[in-house]
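The chain below stands alone, shown as structure tokens; this is the form predicted alone.
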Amino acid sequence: MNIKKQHCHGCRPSRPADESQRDGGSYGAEQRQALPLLPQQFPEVVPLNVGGMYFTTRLSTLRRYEDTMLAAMFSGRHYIPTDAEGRYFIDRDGTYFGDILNFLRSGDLPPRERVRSVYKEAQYYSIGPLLDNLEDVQPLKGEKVRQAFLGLMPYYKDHLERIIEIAKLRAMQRKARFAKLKVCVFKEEMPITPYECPHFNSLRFERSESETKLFEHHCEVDVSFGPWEAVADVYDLLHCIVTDLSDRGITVDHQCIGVCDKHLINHYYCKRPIYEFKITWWLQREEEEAYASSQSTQGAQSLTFSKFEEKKTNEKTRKVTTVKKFFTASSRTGAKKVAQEKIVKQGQLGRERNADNILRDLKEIFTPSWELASPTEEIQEAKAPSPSINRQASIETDRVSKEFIEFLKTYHKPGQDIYKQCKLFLDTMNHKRDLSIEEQSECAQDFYQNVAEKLQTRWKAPPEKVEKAMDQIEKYIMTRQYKYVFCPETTDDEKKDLAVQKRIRALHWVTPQMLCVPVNEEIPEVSDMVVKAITDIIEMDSKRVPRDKLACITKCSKHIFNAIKITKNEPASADDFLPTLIYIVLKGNPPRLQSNIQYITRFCNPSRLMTGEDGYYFTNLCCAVAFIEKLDAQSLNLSQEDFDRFMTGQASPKKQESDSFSPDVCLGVKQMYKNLDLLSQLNERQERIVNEAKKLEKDLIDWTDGVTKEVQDIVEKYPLEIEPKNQALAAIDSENVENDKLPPPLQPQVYAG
């Protein structure tokens, strides 16, 4: 007979007794077993099992701080289960429980790399003293300061989410593995000019409300951070942005692409820096395969014969596939017809090279990386334009290769993998010459990023060692690629170089006073610093590696700071540095300035370009060049007439004072300059008198014409009527009818005597 049980709402159906006994894990059974054990007694020495890891400590250690979870657990008021061996079990990962016990025993803090994890455990166990101590050490102390700084940044988290959403949307629309967006990061509310004087800075935040509205400007970017009021600068905020995005698992790279040069009012321009953020969503297949293959053991001696044969087969398959990719037709829709004809004509030569490359790749399986080919053999693969240039490049490349090999030997097995990756990248670039310079730049930046990530994640290299390795890799790569990627024919870099040089030559008359340069070249030490700065900025063109070019810019900037410090007897500021840098560029006129700037931007290691003093000085140089290109009369506080005369060479504002001559100059030279100065003054006076005379003559002619016109207008409006001559006038009252009644007029009488 089946009986249907009905239960009221909210009630649980009862369970059979045998079922409760079988599962043994019900709450009621545990409660009935735990009740007889209260209060629980603990021995003086307590054995612990924390997530499978065994610990032993004193009961007093666990009860050291009363307001903690451990003190409450072992106070006797709560039941703690034990394992099969009688250890008290805590259901928590025990990796960092030893650090908790060390603090409870003797107050010792964990090492720096374990602070964050131990802090989370301390929060779980509610150990207040440990939390306080950990918050006062790095990296939590720095994180606390960083969060305080980010608290001053308006809408910081919203901007991060916007960056992620925009990058995700663009990547999905383009169906690409990466997305780019422009981000503006600026610290100050009001825009500044690179040549404004110090007294302008003091009034920057004291403008009226109407003047402030004139400076309201939104740069044409995707996301804009700032302004903020803190000591931290732009590079600190960029580091925070990259760090927070990396913590979310997003691979991000950024570089400065210039400044916003929108003209606002008078001589004010918006000079906010604009950065390009490149967010990569996944790695390429070749990169994943290279990373997966690098996980295997490199030494053949430690492998058995069967494993060695398996490794040889895998390496052969991978390298042959890679070589085939190099010689296959490009899948890009914009392939040039000339390149296709070249491939057809050199088909036989390509097949021979293909076979040679396959043999070389097979040789790499059995030979250490740096013993495969000498640097001279690598150089001979590419043809140089002339024998002399080839010999010079061969010597330098040979030296760089030897230095790179000696450097990699200190890294042992990681050094072999780095050398192989560099060789693979060079081979890829040699067979992809049809790519645009921007696409080659992206390949180089991706290569730098992948190698740096391997050094950090796989080989656990410290930041200093990673930076040193990346500098050597950049030097090795760019020494070979310099003649192909510096000022290529497919770009207009050479045209821009000629335009900048012509512009600087036309501005030879600009004086330090016009730019508000706080440098006195009459001081011998200052004059030497100026000459050294000009030499360094000119020497930049002779370097082949982007890092070396940045070093020249840095040395030039330091000489400028020293010159300002000697002149003012106080440390230089950024407002003094930028106008002086503009003056140095005008005075030195460095060759191929735009090509060098573009070369550094495209192929420099992004970590060096975006951080530190090198990145700061390079950004200022870009601002100086942009200012020179847009220099006008308003920028120098000159009239348009004077500016045009100076630009055409009709006049020059430079005047040599007699007091500025050194004592060794002869009197004839001094007298000559005095006469030239006097002639210049007389010429200006004569031109002024002639202009005034012409103006007066024109005014007289205009006045005469005006008077004549006015007279004619009056005559036309009121014509002159000439009446005939009237007869002799009669008596005044002759026309009066009543004159007859009047007495006769008096007659004059003459009395004699």
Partner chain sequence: MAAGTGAAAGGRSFSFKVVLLGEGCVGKTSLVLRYCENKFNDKHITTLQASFLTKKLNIGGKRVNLAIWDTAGQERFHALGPIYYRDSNGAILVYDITDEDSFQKVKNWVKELRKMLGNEICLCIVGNKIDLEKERHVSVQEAETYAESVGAKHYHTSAKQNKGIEELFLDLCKRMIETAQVDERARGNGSSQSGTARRGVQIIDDEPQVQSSGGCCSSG
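Positions refer to the first chain, counted from 1. These numbers come from a predicted model, not from an experiment.
Beyond what is shown, the protein has a form predicted in complex with the partner chain; the following relates to that form.
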Looking in the model of the complex, is the partner chain within 4.5 angstroms of a heavy atom from every one of His239, Ser246 and Ser542? no
Quick one: is Tyr616 in contact with the partner chain in the model of the complex, heavy atoms, 4.5 Å cut-off? yes
If you check in the model of the complex, is Asp398 within 4.5 Å of the partner chain, heavy atoms only? no
Phe561: heavy atom within 4.5 Å of the partner chain in the model of the complex? yes
Quick check on Glu135: any heavy atom within 4.5 Å of the partner chain in the model of the complex? no
Where, among 617 to 625, 679 to 687, 497 to 505, 411 to 419, do residues come within 4.5 Å of the partner chain in the model of the complex by heavy atom distance? 617 to 625
Sole residue of Val485, Leu150, Leu131, Ala572 within 4.5 Å of the partner chain in the model of the complex, by heavy atom: Ala572
Counting any non-hydrogen atom inside 4.5 Å, which residue from Lys565, Arg592, Arg547, Lys587 sits next to the partner chain in the model of the complex? Lys565
Within 4.5 Å of the partner chain in the model of the complex, counting any non-hydrogen atom, which residues from 629 to 645 show up? Lys630, Ser635, Asn637
